[in-house]
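Just the one chain here, the form predicted on its own, laid out as structure tokens.
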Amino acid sequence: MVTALSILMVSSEASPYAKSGGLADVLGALPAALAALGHKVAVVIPRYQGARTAPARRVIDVLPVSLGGGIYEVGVWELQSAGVMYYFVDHPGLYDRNGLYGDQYGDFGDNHIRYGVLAKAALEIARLLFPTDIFHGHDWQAGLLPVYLKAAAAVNPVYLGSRTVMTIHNLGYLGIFPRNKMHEVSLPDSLYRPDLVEFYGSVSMLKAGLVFCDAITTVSRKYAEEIQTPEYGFRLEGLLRARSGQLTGILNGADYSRWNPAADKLLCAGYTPEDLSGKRECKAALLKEMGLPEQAIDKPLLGIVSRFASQKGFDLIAEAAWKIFAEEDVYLVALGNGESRYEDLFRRLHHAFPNKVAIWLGYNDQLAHSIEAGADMFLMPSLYEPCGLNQIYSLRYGTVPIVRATGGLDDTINGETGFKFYDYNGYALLETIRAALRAFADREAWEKMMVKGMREDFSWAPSALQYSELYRKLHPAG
């Protein structure tokens, strides 16, 4: 029996209203899974330019938010979906921009203010519209929420019973701003200490949240261990070790309503573990769409859907790819964009191996689904990967993952469902791909591996239960 609590999530993204990556997918699925358990759940996000078409209604015309000695007048819009209330904080000067966090010139210089206002507005929404038991902040953009809540609870009894959870989706983003801007987000100088918000001469919004919250979660069991080490801790490993008793790894789930080859409307054919014939049709369609030769239908096809960033292991691909395509009868379809050096890498590979390597620079949701369905193997050689979702989607689509054993990749892939390597170097990746190519030659064994992966269950329900139990332990009503 789940004790029903009132949970207010604060995030910079939530699919489908604002998305730059996996954070949005989590906020698009976890709240509904918690609501299905009986909790009352709401999500607070900015009303960005891209969210202005959402079918929301304005419930507060002017809500004054005090920050840095000034007043920001925001509006609040609401929309209910899948049992979850979404509140959009509206301030055109802060959020109506071309980009969520920055533009072609870099990060917005007032991001600390933009997300300070979001956190303060969330507290006001809790006071006026959504009495809250658990405030759940996500990543650095919500890092000031626990700090503001502590201050608010000291003067307003409405917040006294509330507890805070901070989830680290990617520790690589710390929300750093200069010390001399602390007053702009109402942080007193007394908090500028190494054990509080100070971070090597600056201020980290994420560190502030991790210091002041009641509990910390991250998005896989393995990543919770890794971030307590210098290799993955981004200079916060000491704090995280000190708070290890309040740190839990809860694996992200997959939204199988969107990622299911049996019912995926973006595919030319559906398929199931019992009937894989549709996957061959999807492979043929993908080869045709990407201009690869028809004869590749019976050869191994690698897929990549990713941000092109060093975190994702593209340095290893740069080391190994030339040898792979020169020596092996293997093909690749890659979708993504990001750092110019990696975009250039794929352009060079395509130029060198035009009949083996096809690329699409940018994002294309239909093509992402087509790659998951049409590829035989999915490549994720990440330097670090807090959770990862594409390897989970790949399992469901019978596309065997090739991953580095880090974070959620290590937690979700085993020797019966995929291939993984440990050492971060190009040789290890090359040898692991070669092992997969040898396995691919045994069609019966390969299909058994495909089917085993397709039957794995990484849905949100088990993860939502773990969050629910954490909330229950934190809150007196639980």
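We number the residues from 1 along the sequence you see. Bear in mind that the values here come from a model prediction, so they are computed numbers and not experimental data.
Below: the form predicted in complex with alpha-D-glucopyranose (GLC), not depicted.
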Interface stretch in the predicted complex with alpha-D-glucopyranose (GLC) - options 209-217, 311-319, 181-189, 288-296, non-hydrogen atom within 4.5 Å: 311-319
Is H169 near alpha-D-glucopyranose (GLC)? Define near as a heavy atom within 4.5 Å, in the predicted complex. yes
Taking the shortest heavy atom distance, is P386 within 4.5 Å of alpha-D-glucopyranose (GLC) in the predicted complex? yes
Could you confirm whether A464 comes within 4.5 Å of alpha-D-glucopyranose (GLC) in the predicted complex, counting heavy atoms only? no
With the partner left out here, check for me: in the predicted complex, does some heavy atom of R243 sit within 4.5 Å of alpha-D-glucopyranose (GLC)? no
Heavy atom within 4.5 Å of alpha-D-glucopyranose (GLC) in the predicted complex - the one residue of V26, I413, L429, V44 that qualifies: V26
Candidate from R307, R348, R341, R127 lying within 4.5 Å of alpha-D-glucopyranose (GLC) in the predicted complex - any heavy atom: R307
Select from 316-339 the residues with a non-hydrogen atom within 4.5 Å of alpha-D-glucopyranose (GLC) in the predicted complex and write them out in sequence order. none
